[in-house]
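Considered here are two forms of the same protein chain, supplied as structure tokens in two stand-alone entries, structure 1 and structure 2.
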Structure 1
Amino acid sequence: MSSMEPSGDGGKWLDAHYDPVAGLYTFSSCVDLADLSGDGESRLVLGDLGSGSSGMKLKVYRGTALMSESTLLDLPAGLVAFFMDLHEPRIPAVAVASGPCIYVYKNMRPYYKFTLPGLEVNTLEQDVWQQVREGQIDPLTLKEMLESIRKKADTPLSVRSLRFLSLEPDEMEEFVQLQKQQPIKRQTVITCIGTLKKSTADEDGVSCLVIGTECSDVYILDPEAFIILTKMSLPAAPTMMDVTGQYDVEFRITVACRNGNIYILRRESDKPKYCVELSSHPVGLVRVGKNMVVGCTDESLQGFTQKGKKLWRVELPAPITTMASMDLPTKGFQAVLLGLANCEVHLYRDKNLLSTIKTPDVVSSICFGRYGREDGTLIMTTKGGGLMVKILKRTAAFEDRDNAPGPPLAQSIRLNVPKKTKLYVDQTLRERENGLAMHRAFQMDLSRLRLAAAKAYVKALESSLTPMSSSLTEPLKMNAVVQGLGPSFKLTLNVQNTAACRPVMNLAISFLYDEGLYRMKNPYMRIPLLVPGLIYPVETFVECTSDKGISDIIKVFVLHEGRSSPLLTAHINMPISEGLMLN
């Protein structure tokens, strides 16, 4: 089953298992490894989000096979395995945070359900509903009162009031009847979960559960009685947390929040002690030794001290999808695994990239630890639902690459200097010898060209060969459009009087064309009075009499009665007739 990995990880990992169609939808926070049956063999426990709205399952893998699965009622936000008592054999329980509850499983059987205490309900809101129950106010008044409470009050409204506010007036009555007898509840949701050793730092010591909620609180729960030991509050809803220390001695909870900040909570205070304000949202938060490593949405990985002082920052080649720590106590090795959107998993120790694993799909969750009997196992799930297990070779050693990489590769690439031909050189030599003559010839020709252009321009102006007439009495503009494929063409001349206010009268249009090629119904037309500004389309039909596929120019003259020279002239390039004459 294990084969050598050909990709760029230097053969450090063995491919133990890859199931591309495992159908898993999960996050790193919902994956854990634990010896669930006490036989010394670790299992993989993961909370599967199913389709995102249904089919949520708690799955346990042993080796390459799915060992058991049980249905979850709501989306799992987090999952941890922890020791909740001192009983022998030492078998950890699994806590699944889901909605407002924590479901505790022991021996993979449901054992206990803990529900978060309800939140404080706005007293005004309670009074209003009380009045509704007593029949003192009707739904419309209720709506108004609730609206005003929502605008002013500090405590948000309950779900019921919010739902009521969103209803159409005809649904209100029914809703009120249905709901009014129930007590008002306001519940919150768990967003992240972690564990904190109670009094000893032993591997199998009893742990408290630490949970972060949507309403920005952090609770620490006693593992045996499931009572809240400590409540702490944050300025924003937490998204991820990392917990270290012991509850009875000293602990430190590092929480990444939805406002893009990271807060550090300590034992003494129920408010955050330090705050790290990041410039973009954190995607992953991992503690390595005493420092924390944060992956951000701006494709960077940053290191901070435990007091929140910035240590370093590395730019990454792609957005981060997930992060996990890689801890090998036997080798004293600690590093951070980063899943990237470019189908790679990077291993960083501080700011140094140690190794890269290429994956067939984007990794959505990573978990590293003891699986089965193998200490260094890397478990990844992919975006497409695949499950991948890799085992770190025992001989594998990670070395920090040299920090200063020396000159970049590009420096040795030859410059792409455009080559010059022999001809160019000859021309250069010629210019050197005959530069003077060339210059003079050029200047001469340039002057001639200018002269010719000026002459042509003057001639065009003098003989009204332009489609614009700028004479003071008859300022006219004309353009022509030819439509049709032939042999009949429709010729439209748009004539416009560009004068400010004076109309133009007594104009006519005549055409000059090759009579062997074209036939025109009326080669002479009178133009009506032209009101300034308006465009007058003058239409006529032209028939091509030749079937030889040739075309010619038709000249259009705009004439003034009693004057022999035209006011303006247009040359129309006729298209080739594509149709055949019928007659």
Structure 2
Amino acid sequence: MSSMEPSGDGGKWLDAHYDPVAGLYTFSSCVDLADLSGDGESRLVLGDLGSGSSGMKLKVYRGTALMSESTLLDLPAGLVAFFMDLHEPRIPAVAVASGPCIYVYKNMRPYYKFTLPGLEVNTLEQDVWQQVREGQIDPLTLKEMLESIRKKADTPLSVRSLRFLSLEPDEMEEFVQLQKQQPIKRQTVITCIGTLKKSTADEDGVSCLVIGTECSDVYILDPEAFIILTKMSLPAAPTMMDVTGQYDVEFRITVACRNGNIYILRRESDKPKYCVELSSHPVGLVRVGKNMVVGCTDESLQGFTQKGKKLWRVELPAPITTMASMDLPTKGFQAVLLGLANCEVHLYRDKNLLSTIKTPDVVSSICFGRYGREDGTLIMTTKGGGLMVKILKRTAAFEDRDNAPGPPLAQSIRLNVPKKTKLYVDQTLRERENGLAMHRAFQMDLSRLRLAAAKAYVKALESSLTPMSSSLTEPLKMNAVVQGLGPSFKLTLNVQNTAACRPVMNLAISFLYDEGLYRMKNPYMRIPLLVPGLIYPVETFVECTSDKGISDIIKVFVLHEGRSSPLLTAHINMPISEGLMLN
């Protein structure tokens, strides 16, 4: 057993085991805990992906030691432990979804193999391969015809034809000779798998298998005869699912699909009952009570009701790598475990962060449950193939601390509202009796307010009283800055041409002011050519000639030569000259 770095979790978890070179490469969908021997001790069952092209195995761990392993023919897409009959002793079977097949193991020995029904083959594709079989067309012609069928036909091509199209010209002849005598088959593959209780909700009750396929179908299989009980259709291929209820009573299947939406299937319909549209694609789906928690690729965690209403959203510090539920029935505790790309595992209950576990490597799969004889065991595998086992302390207590920005948790506490007073009742009666007249009076005042605002706006546009020009040919913007204490002030006008690519020329600035209060050296000045996007400062000096301690407004007009109306106007509120007041 290897030592680990401090996990920074507040002392709630015990570090039971860490093997950085266990060589386990898997995901949360391929990990489960089950009592496979009937002795009361749960084993860890996982589907190891190996190198991705070879070395796929079904492994069983007891404690920290590898108990058994079986070779898999294809990459596992999911793994579940379920009870398929009522025989004693009560030992669950293990179903491994791999390619188009489900491999069922009982007592960790191969027991049954279920293959998905074949799909309809394109008739045009069959005719083309028939011509090849009869020697009527060569491989190059076959390639052109298959490419034409793929572009126009509604039914996708078979795997054989797709593989043929990906070959180099010198490899086509050999491929055709090997395959032309074989019948054409089109087969889908399994993308996700789950279990659904048959008739009772008992922990050791018989369960049906629920599988999602690449052809956007969901099948419910009988646990004993392995026949299809129900077939449901989705708008897109499913990637994750969560199942609750009983098949004979009422059930609900929540499915995350590849189009970025979540669909909810129910017993009475073969089409989705509800649809939840997400802002980004889901990477994890967990049900907590009657609500569902979804992790998305935009580094967010969102909560929804079972009908699809959004409840909350939490921003995360890093992308999600895996998700799993944490259910502790002895304490009535349910939460969500998140593996993040920054080598952390976060524990959330609703939108509240309860605990943070730091890991030596990025976590690729999480499983929580009974392992051995310990109920609160957290099992994780890492991106580098490591295996970590942590045990929740019996004294651990989690506090709901709302770390998310927004209103505090106390705001949701219901206030003790006093009883209705006689004044309140009288006012309510008056509003009920005179509601029509009050509404008309309010609408009249609102209309007058809108009319007054519109008139003022039109007047400002007609008289160019705004700091921005309304002309499309000379779009200008100007702001003014006054500096100094007096009696001399520095007045800076920042003029900008907001056009995209058209310069503005032949402009001038004129000042209008009270000559009894102020004196300017240049009350009229020309502006050079204005290049789009640049800010041109125009500076002048204003001298206050009055010693009465008063100030006035200086009006600034931006003019175009040959026109009487200004392009824009600015009113500058001059400050009181403090220099003359001191004298």
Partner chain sequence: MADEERSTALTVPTEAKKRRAPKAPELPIVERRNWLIHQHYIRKDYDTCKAIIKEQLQETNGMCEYAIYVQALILRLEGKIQQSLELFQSCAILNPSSADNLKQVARSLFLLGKHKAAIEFYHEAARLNEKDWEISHNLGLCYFFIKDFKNAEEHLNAALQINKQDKTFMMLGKVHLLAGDTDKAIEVYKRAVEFSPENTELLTTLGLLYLQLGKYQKAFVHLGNALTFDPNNYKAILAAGSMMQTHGDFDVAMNKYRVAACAVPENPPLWNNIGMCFFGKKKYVAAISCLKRAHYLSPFDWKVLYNLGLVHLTMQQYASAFHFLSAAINLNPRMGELYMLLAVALTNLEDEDNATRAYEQAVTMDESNPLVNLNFAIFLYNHGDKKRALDQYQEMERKVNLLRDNSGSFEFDSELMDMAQKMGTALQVTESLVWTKPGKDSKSKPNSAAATKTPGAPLGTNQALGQAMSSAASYNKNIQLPTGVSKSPSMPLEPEPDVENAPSPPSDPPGSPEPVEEVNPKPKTSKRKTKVEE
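Since we're looking at a predicted model, the values are computed, not measured. Throughout, rigid core stands for the largest set of C-alpha atoms superposing within 1.5 Å between the two forms. By convention here, residues take numbers in order along the sequence of structure 1, the first being 1.
Peer 1: Does the form predicted alone correspond to structure 1 or to structure 2?
Peer 2: Structure 2.
Peer 1: When you overlay the rigid core, is the Cα of residue 192 off by 2 Å or more between structures 1 and 2?
Peer 2: No, residue 192 moves less than 2 Å.
Peer 1: Does residue 66 show a Cα shift reaching 2 Å between structures 1 and 2 after rigid-core superposition?
Peer 2: No; that C-alpha moves by less than 2 Å between structures 1 and 2.
Peer 1: Examine residue 86 after superposing the rigid core and state whether its CA is displaced by 2 Å or more between structures 1 and 2.
Peer 2: For residue 86, whose C-alpha is compared between structures 1 and 2 after core superposition, the shift is less than 2 Å.
Peer 1: Core superposed, what is the CA shift for residue 122 between structures 1 and 2, in angstrom?
Peer 2: Residue 122 C-alpha displacement between structures 1 and 2, core-aligned: 2.6 Å.
Peer 1: Core overlaid, residue 568 C-alpha shift between structures 1 and 2, how many Å?
Peer 2: That residue's C-alpha sits 48.6 Å away in the other form.
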